[in-house]
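Only one chain comes next, encoded as structure tokens, the form predicted alone.
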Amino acid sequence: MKIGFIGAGKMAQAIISGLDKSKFSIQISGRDLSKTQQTAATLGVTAASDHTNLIADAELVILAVKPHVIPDILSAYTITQPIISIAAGLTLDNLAEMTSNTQPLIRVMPNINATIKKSTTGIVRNAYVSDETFKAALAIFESIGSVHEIAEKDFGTFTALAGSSPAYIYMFIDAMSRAGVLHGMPKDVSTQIVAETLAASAEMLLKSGENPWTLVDNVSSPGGTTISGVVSLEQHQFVATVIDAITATIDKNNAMTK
């Protein structure tokens, strides 16, 4: 399948890096042709000379530009092929207003872990996307991780839980690593230990099917070291602070859709 990416920023590069180039013919186009060519060479794909040529050749067009750029793209170019948007905050209705009333539209929210084929991706389509096209879209994003078909009303929440949360998780890892440094451990060693432990803990949660708090209880021995740390986190409103961060992310996403 011929896929055209309009935009070649970090997320587009992350998606393209994870795609099987033997299954997909990929072109990219950006604002600066020389930079686009350099990016294409690095990714092992083709640089289109401009958006017009990319659109003419693509079977599926992926809009991988900032949300505020999409209205300019859709007003300047006629795209009759199915469109996939990875822009946060733009709903299917928003996109339909910028295209035809019968334009096949798919809204997707991947995350940066697409680079290592571990993206957690949300996807939804409008009524004009055929089953065949949607199957192809699923194949694209399943090749870079897991895909969840969700109601569009939940996209803001999904964006916070999967799209933005890697940044918060990296902050958590760094905080724990700095605690290791505070108590005499080299930063690189501390970071590796924390990252490995976090990855294994997430795998344990997924494989066990247990409630997270059940696993917390399993680790917390009576009168032990772990429960002391858990109580300290609770005293400093750790859970409430995380919920507030997710809520702030959702609020920002919702504001972008108005």
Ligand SMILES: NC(=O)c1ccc[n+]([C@@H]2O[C@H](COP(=O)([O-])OP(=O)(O)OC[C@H]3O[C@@H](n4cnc5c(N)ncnc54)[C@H](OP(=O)(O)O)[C@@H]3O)[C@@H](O)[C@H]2O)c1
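This is a predicted model, so every value here is computed, not measured. Position 1 is the first residue in the sequence shown; the rest follow in order.
There is another form of the same protein, the form predicted in complex with the named molecule; it is not shown, and what comes next is about it.
Note on contacts: among 69, 198, 205, 43, the single residue with a heavy atom within 4.5 Å of the named molecule in the model of the complex is 69. Contact check at 4.5 Å (heavy atoms) against the named molecule in the model of the complex: none of 105, 137 and 144 pass.
Heavy atoms within 4.5 Å of the named molecule in the model of the complex are found in one stretch of 177-185, 125-133, 87-95, 148-156, which is 87-95. A residue is said to contact a partner when one of its heavy atoms sits within 4.5 Å of a partner heavy atom; residue 3 fails this definition for the named molecule in the model of the complex, lying far away. In the model of the complex, at least one heavy atom of residue 29 sits within 4.5 Å of the named molecule. Residue 110 belongs to the set of residues with a heavy atom inside 4.5 Å of the named molecule in the model of the complex. In the model of the complex, at least one heavy atom of residue 73 sits within 4.5 Å of the named molecule. In the model of the complex, 6, 7, 8, 9, 10, 11, 12 are the residues of 1-25 with at least one heavy atom within 4.5 Å of the named molecule, listed from first to last.
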